[in-house]
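Below sits a lone chain in C-alpha cells, taken as the form predicted alone.
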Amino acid sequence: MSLIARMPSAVKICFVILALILFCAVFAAPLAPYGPDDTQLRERNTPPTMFKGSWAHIFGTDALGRDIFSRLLHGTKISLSMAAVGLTVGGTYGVVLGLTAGYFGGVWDKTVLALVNFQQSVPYILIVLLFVVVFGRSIPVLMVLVGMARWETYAKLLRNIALSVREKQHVAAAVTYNASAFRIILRHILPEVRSQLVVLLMLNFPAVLLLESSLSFIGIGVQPPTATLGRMVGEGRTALMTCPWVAVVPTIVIVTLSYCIQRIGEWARDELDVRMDMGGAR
C-alpha cells in the first residue's frame, strides 16, 4: 500500500490546506490587491464581504482602512519566514550540542546538560526581553530569539540517541580505523537520528510560530507598520466588539496553520514509528 493510500483523510486535508497557505504566502505580492500598509480612511472598518461588506475588501479593513486580506498575505509570509528561519537556527544549535555531548561525554556533556537545565528553568520571555533591550527589535534578532526558544528539545533527544548509537559496532569500527570525531558524527550517528529530527522539527514548528505571534501580540516582536499574524491580532484586540474581523481572521490562520502542521507531524511520527525519548541525563 502506498504512503498516500495509508494517509488518513484528515492528514490529506491538512496537506492541501497547508499547501494553499504556503502558496499564498510565497506569492503574497502578486496576489494582494493592495499594499499591506496602504490606507484608505474613507473605507476604514469596512466589514468582510460575508457580512454585507464591499467586494473590494473581502476580509474587510481595519481602523486605518488597510485591507485585511492584503495584510494577511504579507503577514503570513513574514510569520512563516521568521518561524522557519528561527526553527533552523534553534534546530542547528540543538543538534550540534546534543550530538557532541552524547558522543564526547565527560565535561562537555555536563556543560551542555547545565545549559539545557538553565534554558528550562528560566522563563524564556525574560531572556527575550534582555536581548531585545541589548540588540533591538530587528527581524534578524527576533528570528534568532524565536529559534533559540526550543533548542533544548533537540539537544536532549539527540544526546540520548547519540549515547546509544556510539556503542554500536559500526561506530566502534570507525573509531578503530582512526576516523575523526567529525566524520563519525556526520556519517555514522547523524543518519541514525534523521527520522526523529524531522518529526521533532514538524512538532516544534507550531510552538515556534505561536511564540512569534505571541511576541508580536504583546508588542515586543516585529514593530508596526510591518504586518505579521501576531501583530494583526494585537492591533485588532481593542476593537473586538465593533470590528471583530480585524483580530479573528489572522487568529483563524494561526490556529489552522498550527493544527495542520501538528497533525501532519503526529502522523509522520506514527508512520515512521519514531520514539521521542527525551528523558533525563544518564
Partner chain sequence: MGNRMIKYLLRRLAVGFITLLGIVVLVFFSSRLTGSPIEAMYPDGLEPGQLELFNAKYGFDKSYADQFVIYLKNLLHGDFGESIRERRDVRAILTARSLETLRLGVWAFALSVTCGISLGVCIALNRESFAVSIANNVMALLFSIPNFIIAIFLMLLFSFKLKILPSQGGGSALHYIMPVACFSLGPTISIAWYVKNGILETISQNYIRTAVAKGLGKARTIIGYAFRNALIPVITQVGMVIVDIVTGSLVIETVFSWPGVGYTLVNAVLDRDFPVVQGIILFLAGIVIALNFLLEILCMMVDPRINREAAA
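Just so it is clear, the structure is predicted and the values come from calculations on it, not from any experiment. Numbering follows the first chain given and starts at 1.
Beyond the structure shown, there is the form predicted in complex with the partner chain, which is absent from this document and is the topic of what follows.
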Is R187 part of the interface with the partner chain in the model of the complex - any heavy atom within 4.5 Å?
no
Looking in the model of the complex, any heavy atom of V248 within 4.5 Å of the partner chain?
yes
Is T226 a contact residue for the partner chain in the model of the complex, using a 4.5 Å heavy atom cut-off?
no
Examine A173 and determine whether its closest non-hydrogen atom to the partner chain in the model of the complex is within 4.5 angstroms.
no
Are all three of T100, G106 and A155 close to the partner chain in the model of the complex, meaning a heavy atom of each within 4.5 Å?
no
The chain here is shown without the partner chain. Which stretch in 126 to 134, 161 to 169, 74 to 82, 194 to 202 comes within 4.5 angstroms of it in the model of the complex, by heavy atom distance?
126 to 134
Exactly one residue in V26, I220, L31, I58 has a non-hydrogen atom within 4.5 Å of the partner chain in the model of the complex; which is it?
I220
Going by the partner chain in the model of the complex, which residues of 235 to 259 come within 4.5 Å of it through any heavy atom?
R237, L240, M241, P244, V248, T251, I254, V255, S258, Y259
